[in-house]
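Have a look below at one chain only, the form predicted on its own, in structure tokens format.
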């Protein structure tokens, strides 16, 4: 043992460690620079929402605020001026109902594609998934004229119909892959006991899909909540506007209000998605793990 220890070249090991440390320095510098790029906008937002309009215009935009009390006045002013209450209600309905229905329909489609034998299963799957191959923007003009023709433009039903339909393909892909790896013994035993296909789906498959369904629901809800393009074109009436549409109009019509109000309104608008993620984070992380999303 003493001989083996004496043969160890500690100097060579130390030299290799120093060389390895030197090689890591460029990566550390790049990582610090990228982190700074991401942190500065958040810092700018945080210091701005605690300033009054006069304070913001009189001082450097990155300077620290004089106090914390202006945030309450900024929040009330932004909420009332931008009419964020209606936008919140509309976006919450679009996100919860649209994403919820999309994930539920996707689960039924995935069940049919993996548990029921019929001809051309791969064709039907590709037909459903084909909608995600092309950029969503190419559907905008045809959708606008179609909605206008059938009379559902600027309506809650039209917005829910679009969000539900556009959010189905991705959950179908995720849930189909998940159900392919799920054991078929339980549902086969249920069928032998006389359970119908819907009973098998409702009582056996759905309880085992909580994780991936929650993960896809949160992803689709976030997309719907943050959508601006389709909500602007298909639902621009005041009673139908989404929260992002309301923020856009607020920023365009009330530019004299100052960045402090605009940033406060943007922060308020981001809270529901953050809160929903925190509430469902356990199921979301489990769904990410089992699906590999």
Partner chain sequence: MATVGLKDIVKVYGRHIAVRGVDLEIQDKSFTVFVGPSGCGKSTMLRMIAGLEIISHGEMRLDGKIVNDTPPRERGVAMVFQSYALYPHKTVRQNLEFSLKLEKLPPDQIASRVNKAVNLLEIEPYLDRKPAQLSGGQRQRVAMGRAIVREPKVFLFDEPLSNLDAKLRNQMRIEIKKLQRRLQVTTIYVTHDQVEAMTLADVIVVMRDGVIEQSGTPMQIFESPANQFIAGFIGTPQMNFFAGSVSMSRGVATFVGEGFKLPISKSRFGTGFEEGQNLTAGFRPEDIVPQERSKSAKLSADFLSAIGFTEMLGNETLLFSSYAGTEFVSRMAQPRFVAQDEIMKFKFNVEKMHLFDGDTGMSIRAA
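Please read all numbers here as calculations on a predicted model, not as lab measurements. Numbering follows the first chain given and starts at 1.
The next section is about a form of this same protein that is not shown, the form predicted in complex with the partner chain.
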How about residue 188: is it within 4.5 Å of the partner chain in the predicted complex, going by heavy atoms? yes
Is there a non-hydrogen atom of residue 155 within 4.5 angstroms of a non-hydrogen atom of the partner chain in the predicted complex? no
Heavy atom of residue 177 within 4.5 Å of the partner chain in the predicted complex: no
Does the partner chain come within 4.5 Å of any heavy atom of residue 137 in the predicted complex? no
Name the stretch, out of 219-227, 140-148, 202-210, 81-89, where some heavy atom lies within 4.5 Å of the partner chain in the predicted complex. 202-210
Using heavy atoms only and a 4.5 Å cut-off, determine which of 71, 109, 173, 195 is in contact with the partner chain in the predicted complex. 195
